[in-house]
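First, one chain by itself in structure tokens, the form predicted on its own.
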């Protein structure tokens, strides 16, 4: 019914955080005169870009799920937009679905992203130390 709302809220928050971090990163790189004074020491990829990956994963899932719910008639183009909102008994079911399915989807996507970022950081660290040893 509305399980995509939870990842959508997370996607909005992550997108805003990434934009703020990108702006801060650009301001820091403008003030730094050389690349050695960069704040990103452990990875060549700035964290705001990694947050952008998470935002892309979340937005992709939200769009796909919203389309699926639209296809099945659970979303309509008139207020209250979610068909479950028009029936008071369905509201409880919708909130339970959001709390179980929506939260689970958000946690799984975020955890998968965190694993990929951790593996990428570890590989980058190995490459950097291997390059220094030669």
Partner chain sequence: MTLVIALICAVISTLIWYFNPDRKKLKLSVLCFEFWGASLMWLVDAVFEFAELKEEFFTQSADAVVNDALLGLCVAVLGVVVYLIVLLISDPNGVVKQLFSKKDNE
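Given the structure is predicted, the values throughout are model-derived calculations rather than measurements. Positions refer to the first chain, counted from 1.
The same protein also has a form predicted in complex with its partner chain, omitted here; what follows describes it.
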Work out which of 28, 45, 104, 86 lies within 4.5 Å of its partner chain in the predicted complex, going by heavy atoms. 104
Given that its partner chain is left out here, which of 32, 108, 76, 90 has a heavy atom within 4.5 Å of it in the predicted complex? 108
Please tell me whether any heavy atom belonging to residue 81 falls inside 4.5 Å of a heavy atom of its partner chain, as the geometry stands in the predicted complex. no
When the contact criterion is heavy atoms within 4.5 Å, does residue 62 count as touching its partner chain in the predicted complex? yes
Please determine whether residue 57 contacts its partner chain in the predicted complex, using a 4.5 Å cut-off between heavy atoms. yes
With the partner left out here, check for me: in the predicted complex, does some heavy atom of residue 112 sit within 4.5 Å of its partner chain? yes
Even though the chain is shown alone, can you say which residues of 65-79 have a heavy atom within 4.5 Å of its partner chain in the predicted complex? 65, 67, 68, 71, 72
